[in-house]
Ligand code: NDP
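Form predicted alone, single chain, as structure tokens, below.
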Amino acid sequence: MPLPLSSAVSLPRKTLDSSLSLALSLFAGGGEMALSVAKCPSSSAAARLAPDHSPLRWSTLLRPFPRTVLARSVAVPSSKNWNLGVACKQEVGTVAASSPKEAPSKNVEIGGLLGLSSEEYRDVIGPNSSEREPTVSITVVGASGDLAKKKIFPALFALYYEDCLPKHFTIFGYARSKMTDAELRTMVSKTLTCRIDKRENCNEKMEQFLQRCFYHSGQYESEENFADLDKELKEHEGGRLSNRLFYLSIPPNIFIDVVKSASKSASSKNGWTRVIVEKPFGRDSESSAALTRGLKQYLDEDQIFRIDHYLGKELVENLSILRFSNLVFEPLWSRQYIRNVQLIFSEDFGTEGRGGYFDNYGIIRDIMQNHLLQILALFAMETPVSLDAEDIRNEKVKVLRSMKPLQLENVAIGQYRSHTKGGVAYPGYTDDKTVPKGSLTPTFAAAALFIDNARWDGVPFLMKAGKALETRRTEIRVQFRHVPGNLYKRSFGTDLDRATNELVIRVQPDEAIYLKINNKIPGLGMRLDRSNLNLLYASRYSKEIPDAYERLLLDAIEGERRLFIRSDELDAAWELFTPLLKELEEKKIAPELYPYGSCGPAGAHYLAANYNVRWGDTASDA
């Protein structure tokens, strides 16, 4: 938790700009500076720099230098006025910093604060700078679970393999299971792979990585066990500047217990502490808000990294680049040219023995409320002021707040049943022994959403998500309007949809971007064909596409929040789906059954037809 502040002083922006020679570093519009403010009677302190009375970022000491307060790496975006608050830390309580008049000579006063030149800064740091080098300690809470074994540890190894992790880092697994360091390394080693395009020194790299992995067994709600973890982390940190990242790969009902214990007993005393939280973030607006309140008892919002791994996928991250850096697309990105947008998620397998977990959430909570809605917000947002995380997330929130809550008449739900295909019998959802008999939980849902703003008024955004379908795919399909007065409409007969241009962004598998255009078939006649202008990533780029968890873990380590979900963004998302979910459960609405391996229930096609739309993934030339 942040320390209380004392001796806050207002500092005009122009004063900061004029003190460049006295600060360690500073640049207009964003940068860093080092400041010294008076003396502390104790040996530890913290500082906060804030623009216009609004907290920007907490920073802490590089080291607890005796009787000196230093602010470390404080970002300086443009702002008219700044406030620097300083607190000196004692064993119990907090006291105000002493008067600047008691500071050593040669420090020059700047608007009531004291600035250090680069030379003075080095004098304070001292010659043994290696002790001030930062280290990152990554603790995977729930290390014995499937997510940790299959995704998190392999992603961390991939980052190490690509030299993306800091020079000094340590990885700890934490769980209730009894396990030695050697047993953890054996477990982790079974899931590690090297890049296809870069296999040299693979075994050597694996061994080096595994030697950085350790294990600590403990209870999730035990502050004492986390205090023991803290001691082990300190041993590996070796007195360096300690930054700590906790990845909560655990069920959401124990998030708050872990955060409480880690915050009180194992957070960094002289660096940053961040926590990655996995979905689901509650079951509805109320439970989500309660979870957020619980987390914020022990963490600041900028310490919480709510992860949605779909935001880390290559084609989703490329979405804004495709739109904002290509002139051919941005003018078309509105109701004037776009007829509908389809967000499609399908899996060709069922719950596979995980029905107990899935039955508690269903496809709407599991896929639509987070993955697909996040993609929709990125797709539909206005141009952000900058690529700064807050500017992007602000625009996403505006999109979500411009949407009306889903109504039952705009939704179709389904549940897969048993089916025999090619001589193979596939079980139905309720045939899964982990699923309660007579369950009404949907394994398929389709929905029509609308954004009430000038850009998207009247354009249906159709979502579709399901399990045990014909194909596995995740894609965004943008269907453009018909060409007014099309000279060649006779060549397409009465089916003008065949003449519609369509932009397809295939997120997975076989990542690709392709545009469907009308083209003349070579020959003497006038025969038209719909062809693809195709960017297939596997053909164009030889480099293997990183897993989404790699990108998101690296962003969390670097403090980049652009691809993580803010609390108000989460609230707005739940407000759209909570009324629908409650109505489905209260009225016990039965889902339409569809065969395992089919294209889903007929209700989805009727829903699309209500808006004069055909699902693009069911077309013959999809």
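Counting begins at 1, following the sequence as shown. As the structure is a computational prediction, the values presented were derived from the model and not from experiment.
This next part talks about the form predicted together with the named molecule, which is not shown.
- The stretch from 372-380, 353-361, 159-167, 397-405 that comes within 4.5 Å of the named molecule in the model of the complex, counting heavy atoms only, is 353-361.
- The named molecule in the model of the complex is approached by I254, whose closest heavy atom lies within 4.5 angstroms of it.
- Contact annotation for L233: none of its heavy atoms lies within 4.5 Å of the named molecule in the model of the complex.
- Within this chain, D510 is remote from the site of the named molecule in the model of the complex, having no heavy atom within 4.5 Å.
- Remark: R540 does not count among the residues lining the named molecule in the model of the complex, judged by a heavy atom distance of 4.5 Å or less.
- Proximity to the named molecule in the model of the complex, defined as a heavy atom within 4.5 Å, holds among P546, G294, G238, G145 only for G145.
- Contact annotation: of the candidates K421, K190, K433, K150, the single residue with a non-hydrogen atom within 4.5 angstroms of the named molecule in the model of the complex is K150.
- Using a 4.5 Å cut-off on any heavy atom, the residues of 278-294 that reach the named molecule in the model of the complex are, in sequence order, E278, K279, P280.
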